[in-house]
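Heads up, the chain below is alone and in the form predicted on its own; it's given as structure tokens.
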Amino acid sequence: MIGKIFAIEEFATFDGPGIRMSVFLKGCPMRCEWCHNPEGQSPETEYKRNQNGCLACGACVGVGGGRLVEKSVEVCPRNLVKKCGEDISCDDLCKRIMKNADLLNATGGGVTFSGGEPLMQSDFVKECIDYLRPKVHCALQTSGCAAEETFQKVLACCNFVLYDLKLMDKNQHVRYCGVDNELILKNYETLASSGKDFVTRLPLIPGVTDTEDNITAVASFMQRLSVDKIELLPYNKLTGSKYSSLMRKYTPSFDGNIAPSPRVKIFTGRGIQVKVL
């Protein structure tokens, strides 16, 4: 099978246990306002421009009617425009991963399929994991925003899951993420009862996900399902820099400077272990 990826990080340390190769697949059904991988949102090949050293000559957008296109790569005088989205076969990707298998295994690491949302390319991800899993530990990093059968298909073949929860309120989820959270919560319940090794992750977005009401709702949901550990991801104020490379504006509706909620105390008060990344 052929998949479309936008990056491979060869020595990742925050995407599961040990040292890992993280494969970032293009395409995501959500549009979170704070998305820190905007190049992973579209399932299509895109082009991005490095702003450092740019002459602002306009050649790259001139050939694309104001957009970055394939021709932009050729006309940039400083070679700052790059293709974002590589078609790769399962065979070629697995061969690339297996070159590092000894190092990955020696550290208790492996490969993590991330995105974007890797479940948008679930058949490709499953084919890769089916080949790799006997030799390398395989993890899935997901929002859970996928059909139940799709989630269960990939869940069954991977070793470990990193599962993002964001907002418990359906209307708030629609407002800030572009979709409701019904499937996300249902798939999380499936994960919690599956016996699969996993960790919950929560991005801390000031005044959005990082509010006392939302943190309490997340903690209560986890407690009801007997889930006892979570990783918190602080908001990165430099997120907007990636958008400009794609000729897009970063215009979040939230205030990134709102004081944090008493999040750690809320989780630990319910017997949930907290790790802040």
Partner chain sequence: MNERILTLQQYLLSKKYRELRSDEKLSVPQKQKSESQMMYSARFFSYITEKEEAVFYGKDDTLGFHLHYNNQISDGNQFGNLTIDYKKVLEIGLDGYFAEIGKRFQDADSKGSEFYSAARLCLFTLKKLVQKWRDKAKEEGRNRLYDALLQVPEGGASDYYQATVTCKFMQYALHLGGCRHITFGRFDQYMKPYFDASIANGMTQEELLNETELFFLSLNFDSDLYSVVQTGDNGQSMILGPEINDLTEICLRASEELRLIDPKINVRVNGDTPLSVYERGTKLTKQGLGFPQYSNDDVVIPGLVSLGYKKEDAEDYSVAACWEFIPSGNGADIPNIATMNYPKVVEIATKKHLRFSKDFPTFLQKTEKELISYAKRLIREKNKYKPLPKPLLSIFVVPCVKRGRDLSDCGAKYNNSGMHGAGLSTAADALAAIKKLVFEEKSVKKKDLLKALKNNFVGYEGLQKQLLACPKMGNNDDYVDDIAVRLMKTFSGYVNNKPNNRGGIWRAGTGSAQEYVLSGKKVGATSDGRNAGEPFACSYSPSLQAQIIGPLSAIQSFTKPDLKETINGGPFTIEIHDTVFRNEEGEKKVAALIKSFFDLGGHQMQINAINRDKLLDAQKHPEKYPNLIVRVWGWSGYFNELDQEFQDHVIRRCEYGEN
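Numbering follows the first chain given and starts at 1. Everything numeric in this text was worked out from a predicted model, so none of it was measured.
Absent from the display: the form predicted together with the partner chain. The rest refers to it.
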Answer key: of Glu182, Glu74, Asp197, Glu148, within 4.5 Å of the partner chain in the predicted bound form (heavy atoms) is Glu74
Answer key, the partner chain contact in the predicted bound form at 4.5 Å (heavy atoms) among Leu104, Cys177, Ile88, Ile205: the residue is Leu104
Assert contact_stretch over 132 to 140, 151 to 159, 185 to 193, 77 to 85 against the partner chain in the predicted bound form, heavy atom within 4.5 Å, equals 77 to 85
So, in the predicted bound form, is Gly256 in contact with the partner chain at a 4.5 angstroms heavy atom limit?
no
**Asked** Quick one: is Ile19 in contact with the partner chain in the predicted bound form, heavy atoms, 4.5 Å cut-off?
**Response** yes
Notebook entry, point to check: Should Val264 be classed as touching the partner chain in the predicted bound form when contacts are defined as heavy atoms within 4.5 Å?
Noted result: no
Are any of the heavy atoms in Asn100 no more than 4.5 Å from a heavy atom of the partner chain in the predicted bound form?
yes
Can you work out whether the partner chain is within 4.5 angstroms of a heavy atom in all three of Glu33, Tyr243 and Met247 in the predicted bound form? no
Checked 249 to 276 against the partner chain in the predicted bound form; residues with a heavy atom within 4.5 Å, sequence order, are Lys275
